[in-house]
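Below you'll find only one chain, the form predicted alone, shown as structure tokens.
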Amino acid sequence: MKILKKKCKGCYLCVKSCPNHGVVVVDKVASFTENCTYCGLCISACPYNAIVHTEKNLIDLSAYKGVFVFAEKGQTKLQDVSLELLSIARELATELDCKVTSIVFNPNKEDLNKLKTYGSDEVLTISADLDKDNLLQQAIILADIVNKNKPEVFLLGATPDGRSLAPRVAAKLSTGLTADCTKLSILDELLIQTRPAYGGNLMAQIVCPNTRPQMATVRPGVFRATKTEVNCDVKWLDYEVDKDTGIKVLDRSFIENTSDLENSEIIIGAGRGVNSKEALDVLFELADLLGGNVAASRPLVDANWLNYDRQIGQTGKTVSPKLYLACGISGAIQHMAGIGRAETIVAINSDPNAPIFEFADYGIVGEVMEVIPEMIRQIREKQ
């Protein structure tokens, strides 16, 4: 949208029409603020036709074909989320009748074998002298590759690096980006990107109809990595790296992920119903017996009962275990967004009306610290 200053009378009708405080009048001339959402209400409100739509340069959507996946190496190895993305990329490519292409920086032989095994029709391997902590270097190269190859879909993992890379690449490509998707599908040749919205209180479906590529990041653990071997071409590309990006890394440190929830087949989740920090020891005892792991909802992490690397939910990790035992967890949608792909959910809660029972395959109404010790006793009896 555009404000024609010569026509503007400073009448304030546009200001009054805007629910987002996206228009102000300064020196009797209207102007947009950073709150403007381009909804167009001010256009209808202006009696002087001083606010108008501007023409967009429409792109040729037919020129874009293929599903691209950024295969993130991380600091040491190929990230599991990259293989998970390849699995959903194959489903999308089947719907769109196109091929799946992986982009990877400086891969080794094991990386290439994995990308071939998990469904890549093509692998673009980028040889570049990267500073791994300067992600802007990678963003510049990725944007150039996408510009040249024109995929219709481009997927990245919602890892710390992926969340930093994706918006930079999207900005350089002047396209949209949906972050932290929990579901991807195709409808009328458009990518339907589903993610939690409004604090996790509903699931929004987002489309990008006018620009390409359609970009999305997906949280680790949302999809299962499935081996699908196809004929795969490997192309090697050499890139000169821009060393003068304006970013200089002064120091670095790494926080080890000790919980490994993403690869756990059995997870015991602790919520508010676990009434004391000491009671967590009982959950860890059960996890040891079952060969599983212990996770937590956000309140327990906020209370410093467990470390953040054990948090599951919208602001934590997404997991897909074979068994999820929810102990004293109410079942708020923010938490359920993290366990939606669990094969079997067993809920223990003293409140028979807790929302968790609507999602659970099996439910036990009772106090966690009465049920869990009894489980442990019966398991030990049968060992």
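Just so you know, these numbers come straight off a predicted model, no measurement behind them. For every residue, the number given is its place in the sequence shown, counted from 1.
Note that the form predicted in complex with a small molecule isn't included here; everything after this is about it.
- Proximity of residue 354 to the small molecule in the model of the complex falls within the 4.5 Å heavy atom cutoff.
- Shown alone here, residue 320 lies farther than 4.5 Å from the small molecule in the model of the complex, counting heavy atoms only.
- Put simply, residue 157 is far from the small molecule in the model of the complex: not one heavy atom of it is within 4.5 Å.
- Contact between residue 213 and the small molecule in the model of the complex is not found at the 4.5 Å heavy atom cutoff.
- Proximity to the small molecule in the model of the complex, defined as a heavy atom within 4.5 Å, singles out one entry of 94, 275, 174, 76, which is 275.
- In terms of contact with the small molecule in the model of the complex, the residue from 82, 120, 297, 138 that brings a heavy atom within 4.5 Å is 297.
- For a residue to qualify, one of its non-hydrogen atoms must sit within 4.5 Å of the small molecule in the model of the complex; none of 102, 116 and 162 qualifies.
- The chain is drawn here without the small molecule; in the model of the complex, the stretch among 181-189, 129-137, 245-253, 265-273 whose residues come within 4.5 Å of it by any heavy atom is 265-273.
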